Structure formats: structure tokens, C-alpha cells
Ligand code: PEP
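Given next, in C-alpha cells, is a single chain: the form predicted on its own.
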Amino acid sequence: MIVVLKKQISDKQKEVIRSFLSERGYTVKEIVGSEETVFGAVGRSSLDTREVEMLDGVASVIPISKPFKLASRELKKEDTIVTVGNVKIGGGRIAVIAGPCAIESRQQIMEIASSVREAGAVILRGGAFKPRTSPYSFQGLGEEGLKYLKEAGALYGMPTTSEVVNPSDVPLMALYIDMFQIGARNMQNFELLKAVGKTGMPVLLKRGLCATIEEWLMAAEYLMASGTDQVVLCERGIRTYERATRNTLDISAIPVVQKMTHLPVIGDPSHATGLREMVSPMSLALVASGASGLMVEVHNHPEKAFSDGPQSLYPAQFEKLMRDLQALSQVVGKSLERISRITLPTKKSGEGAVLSTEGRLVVSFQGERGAYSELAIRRAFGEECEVLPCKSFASAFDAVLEGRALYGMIPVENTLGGTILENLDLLDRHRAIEVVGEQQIRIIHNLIGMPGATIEQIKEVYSHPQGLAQCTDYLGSTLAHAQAISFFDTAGAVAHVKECGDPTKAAIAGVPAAKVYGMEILDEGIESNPRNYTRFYIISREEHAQAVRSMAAVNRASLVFTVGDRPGSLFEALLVLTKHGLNMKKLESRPIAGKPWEYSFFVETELGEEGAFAVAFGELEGICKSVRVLGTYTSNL
């Protein structure tokens, strides 16, 4: 049953309810949502729900109709985000797990770990205990393999996962790995599920060869009932009459499962197809269907692999797949999970209040709660960070400068609206602030109104001028009967409609704004051009910049320079970049404040080969009137 608690419930009342249920044989889990807090109570005993409803602090009691209670979307409406080491799976992320089918030697796992980490994988996989159809096939290196896996993961900063076969191996494996993997053959090995669940560690649960979706979720229920709530489901194909592929990849299961459970779902295209050339297209198909990640087999010498060589990608193929996933992730409104996720720095005595009272990271942005900038913050920093809304871009910069926020999320360019020139000027003006990272998101506009409102009722539509301009086709057709009114911010427009409480008013904004203000999405994806993306800079004070750069391979720089008033001076400066193989990505001219008809030039460039940028910068200092690096960073952190 789901016990919905009253909003003003006290800790003492909670404990009374918990004890009441526990004494009657129920296992109780507290789930804190954005709108309400509930107790999920599961057990074999039967209880009249009216007895629970009479307890102080209980708002209502809702029976769970699904046989999988803890895994059910009925119990928890919000998506569960599973944490594996410093990696998160679920939500708006696409996490990629990669590595060999089996660990064959220390050198082999080290080489593969290096290549997949460089390409963008965030979790390292490798089998140490291998369940094989033939008793004469390679069965794995056992504990020796686990030691190699742990060493490789530690060296390259990646959490690890490996398949557990025997319940007796669980304590041993828990010493070496960060996430257990339950293979397809063991999905209904209930004693193994109980043993793994009791550890409380994250678990990757593969779908059985002939399992229905409900049987798969019931296996997850065994894990959760035994003690872990960190479960990732993995679709790896089911056995059918077809023999052209190893298995039949059930991509349709992804959206179906996501409606039934709050647990994240990923896909394993390697085992599903068994064919190297099919892994990449099926990977893209899985992500397009809504999967929160992939598990891909990669081998440095597949032709010599001890197992599953024909389905293992070469490192170069995996690198191309990651580039394709980067492009696709923006289309489906997600971002690739990065191992270089920005973490909480150690706060020293005398520093500003960069952390909230709960110890969470504080990041500033311009706008109201639910703005697209906040979505970019969640993608880069995770849901656990605290956001600091600011009235203007200048205020967001000031919050970082004054230490009220450690980082800021600042939009610099939109594919339809162009460069946000104000922020380039603010970067040039604030010498103590540097660019430390980049984030890109797809802008998906939605018509948002009061709960119960209809499109036909709408008479006024509020949004930022850019938001209105990007939805002209929709406003001129479906909402031709309504008046479009400019507002300072998309999320602020939603807040305004909520405050008015008028069902004839609506706003154009993103899904997060609707959630923050408890409003209803009346129509989604209403932008005229779906190729609508915004690129953001992550900024911080210069003393904090190096901590971020040390976590990822820096590959881009932003700088601003001025040149003399003579023919060819700008060409001479740009020629320096060309000479040293630096690929310029952006060039903007900006008027210099207080100096009429004089201009500075803003440039984004790739860093090229090691040391090339430093040499080029030295030459620019010699030929330019002034030159300053605004930041070096990892593109799309």
C-alpha cells in the first residue's frame, strides 16, 4: 500500500506510523517526492486500510495493484536515479558502460579501460566469472580478474561492474566492484537475487532470455525487497524463432517498462544482436526509444577474444559510436553522462557561502525556477545541487564573484537566436571569472496552463520574446485566437500564469517549469524549428577553475583580443591560429566600452596538439594590443 503523509507531519508521527506498519509485518520505505512524501508498505499480511487512515499524519492510503510493489510506478511517480560511484544512471542522462565480455589479462583490461574511458564511457565492465553454455569454454579468471578490474577502474577513474553467478561469491565480489550484474540466465535465480539485494549495492538486472516484462520486474522486486533500491534494468534481447541475430532486441520494451516502473532502463545491443556491425545502429535505436544508457562490449583484439569476439566493437568503432550518441542525445533531449561530473570542492575557512546549509552545491543562473538554464545545471551538476535564481545575467555573475554561488550557468549562443552578446561583454568585464565548462541542451517548448484548462480557452500566451518567436507557426495556427505577450523569462511566465490562476492564460516554457509550479502541459513540442539548441558556459572564480579542469581533458579555449588600427591586423592574428593547427569555432566582434569605433574580438578555438595553444597565445601577445584567455575547458562537459 501507499501511505500518503500530510505535509505538516512531524517526525514523531512518522515514527508512530512506521512502527504500526512494521509490527504488522510490513517493510516500510519512505519516498520523498517533489509534491508529497509517502510510505511504501509491502508485506504478506493483510490489513484494513481504514486502520492506517485513522493514524495521525496520514492523508490517504492507496492500494498498489501491481504484483511488483516496490518497483511500481504507482509507488513512486518520479524516476529513480541510480548512483554508481561518481556516475548517475537515469533522468535526463545517457550512461554508457563498456569493456570486454571477459577479463583475460591485466594488460588486456588496462588497454581497453584506457580506450573506452577516452571515448566517453563512464562505467567499466568485465566478466570474471563467466556462465557459459559449454563446460569446456573459458569460465573467467575469478578473483584474479576482479583484482585487475578494480585496478583498471581506479587508474582511469571509472566505477566497475561484473556479473555474479553464485550466491557464495557475493561477499567476495562486493570487495572489488561498484555494481553487481545479474545475467539473463540468472534473472530468476531467486536465492542469488536475495543475496545480492541484501548488500544494498547497485545492481544491473538483465532480462531473461524468455522472460515477460512482468517477470523481469518481479525479479527486480526480489532485489528491492531484500534491501537495495538501486536497480538498473537492462534489455538484452529475447529468444525467438529468428536466427539471423543472436537474440531479438525488444526495443518496444523500453517505453513500456518506463510506464510501469520508476527504475532506469538501459540496453545491451551486443548480446541482443551478436553481430559487431549491428551494435551501433541498435545502440542509437535504444537511445531513441528512451533508454537511459547502454552496455557495449569492446575489445582491443576481438578476433582473439576468449568469448563473444564477433559482437565486440573495436576501440575505433566505439569512439565513433560515442560521437554519434553525442549528436543523438541532444535530439532526444538528454545528455551523455560524463565521468568528469563537477563535484563539491572542499570548503576552506574564510570562503564565501558556496554551499547551502545542507552541504549541496550552489549554482547561479538568470531567470526563475524551472528555466532552461536550470535544466542545463541539472544536466551538468546533477539533481542534488542547489540553484540560485537571479534577476539578470549581471546578477548571476555577481553571485559567483561574491561567493554566493560556486558556479554559474550562462547561455552564450542559441542555434536560432544567435549569440547572447551581453554575456560575452560580461565575461570580458569580469577579470576574476573564468569559463570552466560547457553544456548544450535542446530547447523544447510547451504550452503550459492551469490544471484542467483547454487550448480553446486560452486568450493570452506569455513567454520570453525568443520563446514567442520560436513558436510563430503554432501561435499563428493552433493559437491564432490568442494574444502573444512578451515576458522577461519563460519560467517566469509560467509562475505569472500560476499566480493569476486564470485558465484563459498560458505560457510557453519547458517541462521543468511546469513541474516546479504544478502546472499542466496542454501541448508539447510546439517550436517551429526542432533544431533549437542553446549552448551554455559554466563559469567560476579563477581560484576554483583548476579543480574542474583537472577532471577532464581540456579541449577548447575562449579568448578576447584587440588589434591595431592598420590593414591586415585581424588577419595576422587569425593566421597565428591557422599556423599552429588551432581550429577556430567562433568569431565575434564587440564594441569597446568608452572607445567609440574601436572593437575587441571574441574567439573560440580548439586547442590542437599538446602545447600548440600555449605557443600560439605567446605569439598573439606579441602582435595584439591586448589578449586574454577567458577560459580553457572541456567542450560540452
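So that there is no doubt, residue numbering starts at 1 and follows the sequence shown. This structure is a prediction, so every number in the text was calculated from the model and none was measured.
Quick note: we don't show the form predicted together with this ligand, though the next part is all about it.
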{"property": "Answer option from R338, H271, K498, R379, heavy atom within 4.5 Å of this ligand in the predicted bound form", "result": "H271"}
{"property": "Position in contact with this ligand when the complex is considered in the predicted bound form, options K334, R236, R541, K505, heavy atoms within 4.5 Å", "result": "R236"}
{"property": "Candidate stretches 184-192, 438-446, 215-223, 518-526, one within 4.5 Å of this ligand in the predicted bound form by heavy atom", "result": "184-192"}
{"property": "C101, heavy atom within 4.5 angstroms of this ligand in the predicted bound form", "result": "yes"}
{"property": "Heavy atom of K130 within 4.5 Å of this ligand in the predicted bound form", "result": "yes"}
{"property": "Partner contact for K206 in the predicted bound form: this ligand, 4.5 angstroms, heavy atom", "result": "yes"}
{"property": "Any non-hydrogen atom of E163 within 4.5 angstroms of this ligand in the predicted bound form", "result": "yes"}
